[in-house]
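Given next are two forms of a protein chain, the same chain in both, each as C-alpha cells and marked structure 1 or structure 2.
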Structure 1
C-alpha cells in the first residue's frame, strides 16, 4: 500500500528545518530504520553532501539513519537500501531532470507503490503528481518530460499564496496561473499553503495542518477544503 506525506514546505517562519514536522515524521516513518534522501533539487549554494547532512541531523533525532542516494555507486542500490524515502525542496526542474538522467523515475515509483513510505517537501512534493506543470519554479533546465512520478492522479502547487488585498502588485496571482493551466489540462490541482500537507495511504487522502487547501478543477470555481473534508474525489482521475 502506498504511503505518502506530501508537504508544502520544509521550513516555516521562526522554526528550524523540518522541526514542525518531526512528530508527524515519527509516526509516518514508523518501522523504518533507514531513509534514502534524494538531494537533487539543490542546484547551487549547498552540495548534495551538505544537504544530506542537514536532513540526516533531523532524522537522527527520531532514530532514523539517512544516506543520500548520490552516495551509492549505483543509485538503484540507494533505493534498495532505504526503508523509505525523503526528497527535499529546491528546483523542481533540476530534480526531475536528474531523476530522468539517472533512470530513477520508474524504479522510485515502483518502490513507493510496493509500500516504501515517501515524504517530499516543496519540489519533492511536486514530483508526486501527474506532472510538474503547476510548480512555481522557473524552468532553469529542461527535463526530457514534465511527467512526474504519478503516484497521485492530480497535481500539487506547494507554497500556495492567496492574493494580498493590500498589495499594489498588478501581476498574475497563483490562482490565475493555475486557471491558465486548466485551459489546456484537465488535471486537478491542490494548492497547499505553508505548514500544510497531504497524507496518502493507499487510495485514501487527507489534509494535515491547520490551514485549508485550495482545490482547482477545470471548468469549476476553486474551493476551500479543511482537514475534516472528504478528499476522496481527488483520487478519481
Structure 2
C-alpha cells in the first residue's frame, strides 16, 4: 500500500531541523530500519554528503540508518537498499532535473507504489504531485519536463503563504499565481501552510497539523479545509 508523508517545510521557525516531525516520523517509518535519503535539492548548494549527514543525524534519534542515494554506484541499488525514502527540500528544479538525469523518476515511483514509505519536505513534497508547476522555487536549471512523480493526482504548493493585507509590494500573491496556473491546467492544488502535511495511505488522504490547508480547483473559489475535513475528492483526478 502506497504511504506518503507530504510535508510543507522541514523546519519551523526557531526549531531544529525536522524536530517538530520526529514523533510522526517514528510511526510513519515503523518497521523501517534503513531509509534512503535523496539529497539532490541541495538547499543553498550544500553538498550531497553534508545534506545526508544532516538528515542521518535526525533519523538516528529514532533508530533509523540513513544513506544518501548518491553513495551508491548505481542509484537503483540505493532505491533497493532503503526500506523507505526521504527527499529533503531545496531547489525543486535541481531535484527534478537530477532525478531525470539519473533516470530515477520511474523506478522511484514504482518503489513507492510497491509500498515503501516516502516522506518529502518542501521540494521533496512538490515532486510527489502531477507536475512541479506550482513550486515557489526559482527555475535555476531547465529540467527535461515539469512532470513529477505523480504519486498523487494533484499538485502541492508548499510553504503556502496567505496574502499580506498590509503589503505594498506589487509582485503577484501566491493565490494569484495558483489561479494563473488554473488558466492553463486543471490539476487541483493543495496549498500547505508551514507546519502542515498531507498523509496518504493507499487511496486515503488526510491533513496533518494544526493549520487548515487551502485547496484550489480550476474554475472554483479557493476553499479552506481543516484536519476534520473529508479530503477524498483530491484522490479523484
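Take the two forms, find the largest set of C-alpha atoms that superpose within 1.5 Å, and that set is the rigid core. All of these numbers come straight from a predicted model, not from anything done at the bench. Numbering follows the first chain given and starts at 1.
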- Note on the structure: In this pair the form predicted together with a further copy of the same chain turns out to be structure 2
- Threshold 2 Å Cα movement between structure 1 and structure 2 at residue 31, rigid core reference: no
- Query: Core-aligned, is the CA shift for residue 202 between structure 1 and structure 2 2 angstroms or more?
  - Reply: no
- Message: At a 2 Å cut-off on C-alpha positions, does residue 43 qualify as shifted between structure 1 and structure 2 after fitting the rigid core?
- Response: yes
